[in-house]
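Take a look at this single chain, the form predicted on its own, given in structure tokens.
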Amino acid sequence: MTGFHYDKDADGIVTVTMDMDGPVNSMSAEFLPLLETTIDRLEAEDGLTGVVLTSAKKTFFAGGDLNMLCQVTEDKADEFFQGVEATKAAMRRLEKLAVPVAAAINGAALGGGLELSLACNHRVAWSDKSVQLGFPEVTLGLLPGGGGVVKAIYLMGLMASNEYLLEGKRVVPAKAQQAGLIDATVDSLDELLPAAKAWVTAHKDDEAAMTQPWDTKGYKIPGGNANSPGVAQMLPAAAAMLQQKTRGLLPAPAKILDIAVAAMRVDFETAMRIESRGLTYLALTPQAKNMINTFFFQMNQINGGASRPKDVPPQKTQKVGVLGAGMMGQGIAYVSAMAGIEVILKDISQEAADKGKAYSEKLLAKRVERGRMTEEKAKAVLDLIVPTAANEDLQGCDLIIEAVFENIKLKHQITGELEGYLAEGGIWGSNTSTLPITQLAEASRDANNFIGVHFFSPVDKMPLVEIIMGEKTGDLALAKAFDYALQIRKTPIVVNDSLGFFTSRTFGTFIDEGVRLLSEGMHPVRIDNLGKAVGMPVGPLAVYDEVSLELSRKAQETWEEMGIDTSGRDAAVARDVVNTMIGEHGRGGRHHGGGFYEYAEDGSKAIWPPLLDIYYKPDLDISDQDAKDRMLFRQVIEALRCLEEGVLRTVADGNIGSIMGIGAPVWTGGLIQFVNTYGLERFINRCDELAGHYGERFKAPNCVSEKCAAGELFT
């Protein structure tokens, strides 16, 4: 039987063990009736001396029902608000029982799980790394609406609670105890219930112990309330910093800060109602619906292996060969060694290979210095990397990843020379960002075992791996690459072959549109500022300098050598600008002496002055909204084309890939998800407007009209 199991022992302590339907306990429709019925029974219980709340599942409590949150609409807003208030009222009854109540936290308690724990007088957790505590709601465009914001302020104060509420920080029990979120930890699971019961027994007559801080007369919030001089002076700066960080595109952090300040100005019960209104407001926003859909449902879909062949057994990589010890190769070597994989890092000289290994040594030294790793562990990781110039050291690798320059002749040569060193059944991967895998595989003796494994720079920080299927790539190669990505703690998306695949092809439209705006006469600073105002991490001209105009020119030459026709890819304007910048002025990008920007030794940058003479037209009449939509819609349209053409296999891959790979605005939930909440018909109409003013490249792909006619969304 599932539900809340109720067990009273000889000492009068009732243990309530949550065991709800499904794999986890959550605030589903089942939760509130179960909680209210249990509290009714506790309030009527004779001889009750205390209560322990725990879980029969591996997770203590998983939080809110996100399916239900996604379905909140304007006409259901009041019903949702009343439901939040009813849940809070039930938890309020729990914390006001006339006996001590302890939470025995045996697994993760995130969001609503931590809020349920905070409704108990005492919180003891199993000190295991699997037990995570925190408020991740902000990462889904929401806020902790079960008392989390208000109670965090009462327990920790405004400053200390910021990283939990505004950043969604998750911590292990020891750190949660230091922060004041829980009261105690135990080393083994067997000790958990006895420890909780021991606390209840010791405090069964202690009225202070069974009174929550916010109900304690004269209680002072740590750090002071909103009228305290230190807090009052800090609030304007905090609001300004938050605006700068979110650019006003994410409503959740601003709403959380508003409620946190209210909690320091009004009484507890009023603050709790304000919090409920705040959650109701956010649940209606497109940002929350976008972020929940992508970062929860679609992320779980991808990490759960939806794109992986089901009939291929797990493929664990034991020994990986990395060809090229430059920026990409050294990063791949590092993340592989961190996952416990033996790495052969090969370059054309021992010196170059050693230099590549030194990159890992530097990163590991930083981890040791910051107390995130012991010296012994760092040495063990470093020892897994073998730098070499000798081909034979690759013998027996079950995966070889080539990470050399984007030159098809070079890549073909390396494949022909080194593929034979693979172990039997081994897989060859190419870390290319643009070159078609099918053509790269022409040099392979077995194209069935040849696959694209596209990393992003810097490899140690970027969370995505784009896996590219060539026309002949087989399921074993896909399973191997997919499992390797998970093994090195990356999120894999799977796409089909195309020039630029999905991420590079889509990101290229952002750069292209920025260059078009420049060529039309818009001030370059305004272009980059509006690009960031959309939510992109960097403006298109600044990022073009980083990836380098020179690289773009060489890529174009490579495509021409391969016989690839790019004339129909709206690239003429960008080519003209690149030719002008490089051919006439020698401006190849940041690492080629400067490009659109000049770079000072102190790291600062400024627009290259002649750029204004060449392109700027003060009388240009393009609105900010048009410029922002052009830079965003070009990417969205290209993502939709990738879906329509079969380059993208799933909508989830497109959404996750666009955010984690190319920095698409978080508030969109991904470039394809953006269309769902923008409105398909509205999107088509806006595309028509942009096409009428700026060109046919803005016409919405046919798949949007088809979905609209069918009354469907992109899922």
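Position 1 is the first residue in the sequence shown; the rest follow in order. All of these numbers come straight from a predicted model, not from anything done at the bench.
Unshown form predicted in complex with a small molecule; subsequent notes refer to it.
J.: Just one of R587, H454, K88, R634 has a heavy atom within 4.5 angstroms of the small molecule in the predicted bound form, so which one?
T.: It is H454 that has a heavy atom within 4.5 Å of the partner.
J.: Note which of A403, V72, V494, A479 lies within 4.5 Å of the small molecule in the predicted bound form, where distance is taken over heavy atoms; exactly one does.
T.: Checking each option against the small molecule in the predicted bound form, the one that comes within 4.5 Å is A403.
J.: Would you point out which of 98 to 106, 321 to 329, 260 to 268, 176 to 184 contains residues with a non-hydrogen atom within 4.5 Å of the small molecule in the predicted bound form?
T.: That would be 321 to 329.
J.: Does I348 reach the small molecule in the predicted bound form if we count a contact as any heavy atom within 4.5 Å?
T.: I348: contacts the small molecule in the predicted bound form.
J.: So in the predicted bound form, is the small molecule close enough to L549 to count as touching (4.5 Å, heavy atoms)?
T.: Contact check for L549: no, nothing within 4.5 Å of the small molecule in the predicted bound form.
J.: So in the predicted bound form, does any heavy atom of L410 sit within 4.5 Å of the small molecule?
T.: Contact check for L410: yes, within 4.5 Å of the small molecule in the predicted bound form.
J.: State yes or no: in the predicted bound form, is some non-hydrogen atom of I414 no more than 4.5 angstroms from a non-hydrogen atom of the small molecule?
T.: I414 belongs to the contact set for the small molecule.
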